[in-house]
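Next up: just one chain, as structure tokens, the form predicted on its own.
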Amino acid sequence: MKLFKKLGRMEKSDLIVNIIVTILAICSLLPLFWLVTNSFKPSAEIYKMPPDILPKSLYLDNYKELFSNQPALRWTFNSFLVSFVTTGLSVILSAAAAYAFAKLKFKGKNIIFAIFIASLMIPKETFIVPLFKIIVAFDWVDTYQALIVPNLATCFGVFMLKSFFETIPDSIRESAKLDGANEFTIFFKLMLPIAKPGIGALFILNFVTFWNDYMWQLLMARSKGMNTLTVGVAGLMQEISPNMGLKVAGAAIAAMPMIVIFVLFQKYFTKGITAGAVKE
């Protein structure tokens, strides 16, 4: 009833915009709905034309086969480990660099930051070969450090958090310095909690990026046990197998964690994306 009263108080143009946005949101969720429902169908039912919207029964054999005949549990562990560690470390490094560019004064700051911004225009594919040679020289191929370390520095994260730190008044930092706090204390105990929305937004963006990273993980993970879920599921897709249900179940498992992460952190994501646009 509250929803209908709220809709009744809206201007006609706002009501139309809200209806269009709602329809687009539902349409954007349809592929995910189709993926999840098909993962609970046997292969013959997936190929059926016209297709059934919902499965006739809750068919769990696709998931049983995925976790019993394939190392999907190990792939899932690898994906969570690599994504969380890489995201956590990259956010801390980005926040520290962004704080330095936004609040500290040092020689050549603007030139260095301009180089940071310019590097955003270089496609990742252009430095995969030299990066691969460095990893081979370190003898890191097929190890977790090969999957994690090269992704720790993200220029986009520095750029995004710098804008956020610039919105924090300098008077807060100066007051803390008058109370005897050093830069590390100001950064970790004062600035990071204030920048929590921006950090939360960057955490989601980085987690999704590293979870979906395919090319680099495919190059570095040589053994099946070191595969991440993305690479493992892509391998299932390339196998000549009639069991489409198994492949769809793998794709559904690969998609679910990103949705859970977004739902858990959507409050910070929304605040972080909008806060940087408001200047005092």
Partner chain sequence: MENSIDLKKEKTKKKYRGIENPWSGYLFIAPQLILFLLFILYPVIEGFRMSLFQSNYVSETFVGLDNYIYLFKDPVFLKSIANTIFFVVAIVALTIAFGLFVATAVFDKSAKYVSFIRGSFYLPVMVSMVVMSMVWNFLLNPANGLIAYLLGNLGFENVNLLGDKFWVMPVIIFVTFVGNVGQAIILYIASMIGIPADYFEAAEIDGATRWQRITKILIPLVKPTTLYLTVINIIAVLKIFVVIQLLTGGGPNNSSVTMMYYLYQNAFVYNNTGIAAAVGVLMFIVALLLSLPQFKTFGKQK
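Take the two forms, find the largest set of C-alpha atoms that superpose within 1.5 Å, and that set is the rigid core. Treat the numbers as computed from the prediction; the structure is a model and nothing was measured. Numbering follows the first chain given and starts at 1.
Another form exists, predicted together with its partner chain; not displayed. Remarks below refer to it.
Its partner chain is not drawn, but in the model of the complex it has a heavy atom within 4.5 Å of residue 248. Contact annotation: residue 230 falls within 4.5 Å of its partner chain in the model of the complex, judged by heavy atom distances. By the criterion of a heavy atom within 4.5 Å, residue 28 is counted among the residues contacting its partner chain in the model of the complex. Contact annotation for residue 96: at least one heavy atom lies within 4.5 Å of its partner chain in the model of the complex. The candidate site formed by 40, 44 and 58 is entirely out of contact with its partner chain in the model of the complex, as no residue has a non-hydrogen atom within 4.5 angstroms of it. Put simply, of 143, 167, 175, 119 only one has a heavy atom within 4.5 Å of its partner chain in the model of the complex, and it is 119.
Residues are counted as partner-facing when one of their heavy atoms sits within 4.5 Å of its partner chain in the model of the complex; in 186 to 207 only 187 qualifies. Core-superposed comparison between the shown form and the other one: the Cα of residue 34 travels 2 Å or more.
Taking the rigid core as fixed, one finds a CA shift for residue 56 smaller than 2 Å between the shown form and the other one.
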